[in-house]
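Here you get one chain, nothing else, as structure tokens; it is the form predicted alone.
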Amino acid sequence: MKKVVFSCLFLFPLLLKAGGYQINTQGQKALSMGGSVTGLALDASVSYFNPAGLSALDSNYFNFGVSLLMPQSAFLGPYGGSEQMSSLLLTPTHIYGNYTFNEKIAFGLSINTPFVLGTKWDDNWSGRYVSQESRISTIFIQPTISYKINDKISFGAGPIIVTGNAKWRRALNVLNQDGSDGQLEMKGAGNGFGFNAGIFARLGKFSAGISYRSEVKLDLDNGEAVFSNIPSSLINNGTYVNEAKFKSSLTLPSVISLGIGRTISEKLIANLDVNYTGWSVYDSLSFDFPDHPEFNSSVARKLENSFAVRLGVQYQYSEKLQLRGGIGYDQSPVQDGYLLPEMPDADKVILSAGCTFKLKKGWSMEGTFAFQDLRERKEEKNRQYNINGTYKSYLYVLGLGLQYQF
């Protein structure tokens, strides 16, 4: 029983691995520029990407957007036979607003969903005893104050309030009377707090920014594991239980971003970003069952710190139309031996393009298309489940946004 429960539970912290699958859908301008905006102050989304840029904005903004994420993955086992992940549609959203009090002080509010993950495989696929379905989401609420020290340098900081929830489902290798597998479904939610800070500077045709978003510890106090379709004999003899409560905690990593912007001409600007994510805080995860202490355990994940490099451009095509494009390379934090089908992560190349079209009375519409190509990755010596094979994944993103400038 203990081995069954915890070989399942260790998958629950996929909430963390969403960072290894970062897609930067937290603003349409950023998404369309490959996620490269730390060294620019373009709209109210700067409250998330670099809070210091709030006092560098020349207007007040309200931004709302939603991104439609369509992941695709395939798994080829060591003995052949390709299996496709089921189609999914994920919809992370963001809301931003800023207000300039005076020439020195500005306020911003960021509400977004930066850690979102979903995978779903056929219920009868070969890896069903490892994962059938995973759903993860987080909400970050971030009020921020920015202060302009002088005409060239600004500083910004604020707290981060985080809430997250997860649902995960897999088959159990026990057969009911009708020959069907048992099922385990896990749900949990947690809350945590952190902070962010940044510096923004303008020097002639150049601008630069550095931002820091702290790690956030999420406490899972009321996790629930529910077993179903289990033969009654295994329930009666104590091999399985109908449900069990657990407690745990996990830490979302810190992120340091450095961006350099350049005004190339009156109509064209560019920005280069480098991101460093501190995934090494997630070395292992422990579980505590208050009512079943014999099930307490700890499992290893061994994530590594990772880099990402992003380059984006924006071109003022006409008075009403802005065009943008971007490219990026994002390093996976998942080591060989720890790759699993609920998050088939790999180093990825990012391509994106988008635009903003001005409407009337300060309103604008924004649209973005982005594509991520995850490198083909072969797992040969999996240390957790011995599920070996080759993964190939893609991610398509369609972003839509609405902006009001006043």
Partner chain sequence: MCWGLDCNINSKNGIGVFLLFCIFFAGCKPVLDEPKYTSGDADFSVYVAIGNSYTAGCMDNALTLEGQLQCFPNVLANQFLLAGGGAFKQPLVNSGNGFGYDFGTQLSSGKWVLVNAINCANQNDIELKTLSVNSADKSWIGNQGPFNNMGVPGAKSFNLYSQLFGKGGVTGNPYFFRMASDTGASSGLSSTVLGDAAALDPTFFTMWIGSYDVLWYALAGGQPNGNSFYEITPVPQFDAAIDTIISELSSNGTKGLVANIPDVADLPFFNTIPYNGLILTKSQADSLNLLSPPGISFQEGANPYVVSNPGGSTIRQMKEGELLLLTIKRDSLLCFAKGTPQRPIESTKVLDTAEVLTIRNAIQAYNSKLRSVALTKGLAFADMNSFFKSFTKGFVFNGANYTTAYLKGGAFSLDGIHPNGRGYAIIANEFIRVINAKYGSNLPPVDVNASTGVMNP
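Positions refer to the first chain, counted from 1. Note that the coordinates shown come from a computational prediction; the quantities given were computed from them, not determined experimentally. Rigid core: the largest C-alpha set superposing within 1.5 Å between the two forms.
The form predicted in complex with its partner chain exists for this protein as well; it is not shown, and the discussion that follows is about that form.
>> I'd like to know if residue 74 sits close to its partner chain in the predicted complex, meaning any non-hydrogen atom pair within 4.5 angstroms.
In response: Flag for residue 74 set to yes.
> Does any heavy atom of residue 126 come within 4.5 Å of a heavy atom of its partner chain in the predicted complex?
Replying inline: Close contact exists here: in the predicted complex, residue 126 approaches its partner chain to within 4.5 Å, heavy atoms only.
>> in the predicted complex, is there a heavy atom of its partner chain that lies within 4.5 Å of any heavy atom of residue 143, even though the partner is absent here?
In response: No, residue 143 stays farther than 4.5 Å from its partner chain in the predicted complex.
> Closest heavy atom of residue 81 to its partner chain in the predicted complex, within 4.5 Å or not?
Replying inline: Residue-level check for residue 81: yes, a contact with its partner chain.
> Pick from 368-376, 352-360, 44-52, 57-65: which stretch has a heavy atom within 4.5 Å of its partner chain in the predicted complex?
Replying inline: Careful reading of the contacts points to 368-376.
>> So, a 4.5 angstroms cut-off on heavy atom distances: do all three of 233, 394 and 398 pass it with respect to its partner chain in the predicted complex?
In response: Affirmative, all three are within 4.5 Å.
> Taking its partner chain in the predicted complex as the reference, which of 208, 130, 270, 160 has a non-hydrogen atom within 4.5 Å?
Replying inline: It is 130.
>> Under a 4.5 angstroms heavy atom criterion, identify the one residue in 265, 298, 177, 242 near its partner chain in the predicted complex.
In response: Of the candidates 265, 298, 177, 242, 177 is the one lying within 4.5 Å of its partner chain in the predicted complex.
>> Pick out the residues of 364-391 whose heavy atoms come within 4.5 Å of its partner chain in the predicted complex.
In response: The stretch touches the partner through 369, 371, 376, 384, 385, 386, 387, 388, 390, 391.
>> After a rigid core superposition, would you say the CA of residue 82 moves by 2 angstroms or more between this form and the one not shown, or not?
In response: No, shifts by less than 2 Å.
> Core aligned, does the CA of residue 177 move at least 2 Å between this form and the one not shown?
Replying inline: It does, since the residue 177 C-alpha is displaced 2 Å or more between this form and the one not shown after the core fit.
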